[in-house]
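Form predicted on its own, single chain, as structure tokens, below.
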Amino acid sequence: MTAFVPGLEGVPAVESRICTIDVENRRIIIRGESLEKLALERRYEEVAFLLIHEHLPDADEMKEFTKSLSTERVIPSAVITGLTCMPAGIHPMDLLRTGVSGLSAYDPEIDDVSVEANKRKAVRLLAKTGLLVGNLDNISVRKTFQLADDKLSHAENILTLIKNGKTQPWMSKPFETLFILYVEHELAASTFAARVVASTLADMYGAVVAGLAALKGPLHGGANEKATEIFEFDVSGAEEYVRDKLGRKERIMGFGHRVYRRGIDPRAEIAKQLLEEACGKVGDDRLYRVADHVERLMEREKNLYPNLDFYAAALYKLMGIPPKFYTPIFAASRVAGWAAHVIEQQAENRLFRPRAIYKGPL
């Protein structure tokens, strides 16, 4: 057997045409396109199409894809009813995971793992997951369900539903840019979990549920919820908060990354610029000053740099989005990435079956 590598750090597990992280040049490539450039110049629907269909859409393809999303943005009433019966106070990610699992019963192609069927399921999951995420508070608190507005983009619909219609014009662009930045990031824990499940030839819904389960963890998607704690303080209070946690050898969520070792996450650089611009538009730069100060403090004290979750948390807070929705928003975006990986995995499948180094008695 080969040497044991804890957490499989740096161990190649698949050959993929979907995404790579160019650490040396600090850029992320999705199907030959720069994620950073896509986030600044494209709509989420275009990037999702790229992930699923392997090329950017032309005008006719984009029109048809958008129409398909609109058509598939329907949740069976039985799924909604079942979710409204869940206990009060349930975490939105648990509600979302249950909802996606329930949707599988209504997909006519559930057990067809062909490439074309998987592409159609990807569109269904993308549309329905976004609508569920936008309605999580409606379902669990108000026991209602709101429909999407076909005049709005996919990301704008999610923002508008989460905010119960109380959005401001400046929010749409930074929200969608963040939404695109979360769409795909190679073999993160949730993506690997989805591919492992897909390798058994289980259906795409099961693989996405596995991704959702992994994403909830505080060391993965759940990090953005914890990162927002820093932004409850002013600059001096944030420094005291960080130094206190460091003194107790506790992790500062939103800092450090398994892949980015020697500098800031390139996605975080974009999010930082978005935060500065948004603070200028609302006329209050407290969140930016706190973020910038903590970033420099962590570099000096721990040689750690912010990842996307850190600045995303600040932006979501500025938008008035409750922290419990940060990870579901991440999930609504990443569905496109998970689906692309499921399609790729099942197109040329090999079951994942690693070995363990036994340390017990013989």
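Heads up: residue numbers just count along the shown sequence, starting at 1. Just so it is clear, the model here is predicted, and its values are computed rather than measured.
Same protein, other form: the form predicted in complex with a small molecule, not shown, and the subject of what follows.
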So in the model of the complex, does G134 come within 4.5 Å of the small molecule, heavy atom to heavy atom? no
Can you work out whether F255 and the small molecule are in contact in the model of the complex, taking contact to mean some heavy atom pair no more than 4.5 Å apart? yes
Is A122 close enough to touch the small molecule in the model of the complex, meaning at least one heavy atom pair within 4.5 Å? no
Mark K163 yes when one of its heavy atoms lies within 4.5 Å of a heavy atom of the small molecule in the model of the complex, and no otherwise. no
Select from the listed residues L51, L315, L35, L304 the one whose heavy atoms reach within 4.5 Å of the small molecule in the model of the complex. L304
As a check of understanding, the residue in D284, E250, E116, D149 with any heavy atom within 4.5 Å of the small molecule in the model of the complex should be identified as E250
Given that the partner is absent here, state which listed stretch (219-227, 168-176, 191-199, 150-158) has heavy atoms within 4.5 Å of the small molecule in the model of the complex. 219-227
Three residues, L246, M298 and D309; all within 4.5 Å of the small molecule in the model of the complex via heavy atoms? yes
